[in-house]
Every structure is written in C-alpha cells, then in structure tokens.
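Below sits a lone chain in structure tokens, taken as the form predicted alone.
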C-alpha cells in the first residue's frame, strides 16, 4: 500500500512534470527553440537522471514515475534545441 508521504510525492511529481508539457508543446508547434538554454537543459537532464537513479534505489514509485516522464520531456526539449537551430 502507498503511504501518505508517497501520495504527496506523486502529486508533486504530477505537478512538476506537467509544468514542462506546455513548453514542449510550444517548442514543437513553433519549431523554435531559440529562447531555450541548451546548457540549462543538459544540466537539468543529468540531475533528473540522478534523481531517477535515487528513486529506483529507494524504491519510490513517485520519484521513478515523475523523473522518468520529466527526463523524457527534458530530452525532447534538448532534441528540439538541437534540431531547430
């Protein structure tokens, strides 16, 4: 059974992950990533991967799910930044 702390983590993960969706959509739709910082997203992506590894090591479904999806969204933004130069 998931405890209350994990539920808080799931809610936080959904909110912080969902915050990236409009940026990914806008970048994809406009085909412009000029305003995005590649350095910021590369550092952010590495941080997300480390959080994912941490989540796996402590067996936290909230951290695993949130960081997997956020990592994918960050990777998409990195891809868009490189593609839409």
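As the structure is a prediction and not an experimental result, all values here were calculated from the model. Numbering follows the first chain given and starts at 1.
This protein has a second form, the form predicted in complex with another copy of the chain, left out of what is shown; the following refers to that one.
Taking non-hydrogen atoms only, residue 13 approaches another copy of the chain to within 4.5 angstroms in the model of the complex. Another copy of the chain is not shown here, and in the model of the complex it never comes within 4.5 Å of any heavy atom of residue 28. Another copy of the chain in the model of the complex is not approached by residue 71, whose heavy atoms all lie more than 4.5 angstroms from it. Another copy of the chain in the model of the complex comes within 4.5 Å of no heavy atom belonging to residue 82. Residues of 40-60 lying near another copy of the chain in the model of the complex, listed in sequence order, are 40, 43, 44, 46, 47, 48, 50, 51, 53, 54, 57, 58, 60, the criterion being any heavy atom within 4.5 Å.
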